[in-house]
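Shown next as structure tokens: one chain only, the form predicted alone.
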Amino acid sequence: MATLGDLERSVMTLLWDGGESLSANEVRDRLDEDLAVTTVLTVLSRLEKKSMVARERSTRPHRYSATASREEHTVEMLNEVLGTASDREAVLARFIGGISDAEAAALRRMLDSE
């Protein structure tokens, strides 16, 4: 799973929150930073190499969209972390120990419905 830098995370947040494909110029215009469009294109290219965005080549300018939802990305990261743990049960126990009562109740409901 690819880790994201600050600017990459900002771009992904735009794509996730917007739910629509955006051109590099639209991404640049929506970011709260003074960036050149070439910088945004570089970031989008890196995200494409990480398989986080897909580029629509049939239109000009090209448009970019997230390949997975924020939730799907988070699940991939959690599974990767768990996959590297020598004691998965201990990791899960520490995770569960740090969640709120409401989150624990939601988790219980999900497990009971399985």
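Residue numbers run from 1 along the displayed sequence. Keep in mind that this is a model prediction, so the values were computed, not measured.
Beyond the structure shown, there is the form predicted together with another copy of the chain, which is absent from this document and is the topic of what follows.
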Margin query: Under a 4.5 Å heavy atom criterion, is Met77 part of the interface with another copy of the chain in the predicted complex?
Written below: yes
Notebook entry, point to check: Quick one: is Asp112 in contact with another copy of the chain in the predicted complex, heavy atoms, 4.5 Å cut-off?
Noted result: yes
Check: Might Leu82 be said to contact another copy of the chain in the predicted complex, defining contact as any heavy atom within 4.5 Å?
Finding: yes
Margin query: Taking another copy of the chain as it sits in the predicted complex, is Gly19 near enough to touch it, meaning that at least one heavy atom pair lies within 4.5 angstroms?
Written below: no
Check: Exactly one stretch in 24-32, 67-75, 54-62, 40-48 has heavy atoms within 4.5 Å of another copy of the chain in the predicted complex; which is it?
Finding: 67-75
Checklist line | in the predicted complex: members of 73-111 within 4.5 Å of another copy of the chain, any heavy atom | finding: Thr74, Val75, Met77, Leu78, Asn79, Val81, Leu82, Asp87, Arg88, Glu89, Ala90, Val91, Leu92, Ala93, Arg94, Phe95, Ile96, Gly97, Ile99, Glu103, Ala104, Ala106, Leu107, Arg108, Met110, Leu111
